[in-house]
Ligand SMILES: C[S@@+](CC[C@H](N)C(=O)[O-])C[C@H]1O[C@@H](n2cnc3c(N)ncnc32)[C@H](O)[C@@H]1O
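Just one chain follows, in the form predicted alone, and it is written as structure tokens.
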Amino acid sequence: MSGLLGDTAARDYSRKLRLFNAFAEPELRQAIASLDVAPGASVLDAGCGTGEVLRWFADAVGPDGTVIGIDLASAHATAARACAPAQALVLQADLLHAPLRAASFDRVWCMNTINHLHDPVAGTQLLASLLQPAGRIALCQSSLLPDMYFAWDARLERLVNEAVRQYYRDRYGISERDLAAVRSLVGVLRRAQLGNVRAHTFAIERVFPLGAADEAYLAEAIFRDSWGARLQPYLSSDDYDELARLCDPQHPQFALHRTDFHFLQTFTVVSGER
């Protein structure tokens, strides 16, 4: 059965995952540091994508620790194996039926994944069962707050963000309420009977001039793959034309080359203890 957002073993968005991890690496490393992962610890990355986070956890646990990644998509698992350090094990499997022993991890990290499940609470309970006593699970979401801040046009910002949401609702046949897991991570952990729930939101903030990783992610993953022609049916012709100019590297108003460019997105980590 596919996930809520159409995920299957054959699905592949490796390029977008690599771009995001390179873009948000400073904030992701801060988030990992906030989990107090001790040397020698065992860590599971549930929904490991292309595997960059496995390297950072390997740095935290050191040579005596254990790092395992699991992802449903075959292409993602293949990419993760190529990226991960030698000590990390990568599994291609459904995390709801993972070949893993109960009570075997000190930390479970689950980034941009729990909202893909039809039942996030049941999924969280299953992942929490893999924790040792007093272990912590961290549910992480990079779109807890509105996706992007336009310093130059709040009206267009609102329209574009709503157009993106409507596109996904139409594409996957879901309602706004079906996507509530994105914003209810605290509630998900509490309903899953986790204790000592903590939340920490990190700001991903970039201004002109941008570094290469920042520009690549914003231009490719956002301007081209998340926006682009797919939003045309959801915007007026004038608003779509304005957005197209902002996204066009050849146009004088290309957003990423404007001296007033100011991007703000958030990344939230909510953790709970078994």
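Numbering starts at 1 and runs along the sequence shown. All of these numbers come straight from a predicted model, not from anything done at the bench.
Note that the form predicted in complex with the ligand isn't included here; everything after this is about it.
Student: Residues Leu17, Gly49 and Ala93 are flagged as a possible site; in the model of the complex, is every one of them within 4.5 Å of the ligand by some non-hydrogen atom?
Tutor: Contact check passed for all of Leu17, Gly49 and Ala93.
Student: Taking 4.5 angstroms as the cut-off for heavy atoms, does Tyr13 touch the ligand in the model of the complex?
Tutor: Judged by the heavy-atom cut-off of 4.5 Å, Tyr13 is in contact with the ligand in the model of the complex.
Student: With the partner left out of view, is Ala192 within 4.5 angstroms of the ligand in the model of the complex by any non-hydrogen atom?
Tutor: Looking in the model of the complex, residue contacts with the ligand do not include Ala192, since no heavy atom lies within 4.5 Å.
Student: So, in the model of the complex, is Gln265 in contact with the ligand at a 4.5 angstroms heavy atom limit?
Tutor: Gln265: no, not in contact with the ligand in the model of the complex.
Student: Give a yes/no on whether Ala73 approaches the ligand to within 4.5 Å in the model of the complex, heavy atoms considered.
Tutor: Looking in the model of the complex, residue contacts with the ligand include Ala73, since a heavy atom lies within 4.5 Å.
Student: Tell me, please, which stretch of 149-157, 110-118, 193-201, 81-89 lies within 4.5 angstroms of the ligand in the model of the complex when heavy atoms are compared?
Tutor: Result of the contact check: 110-118.
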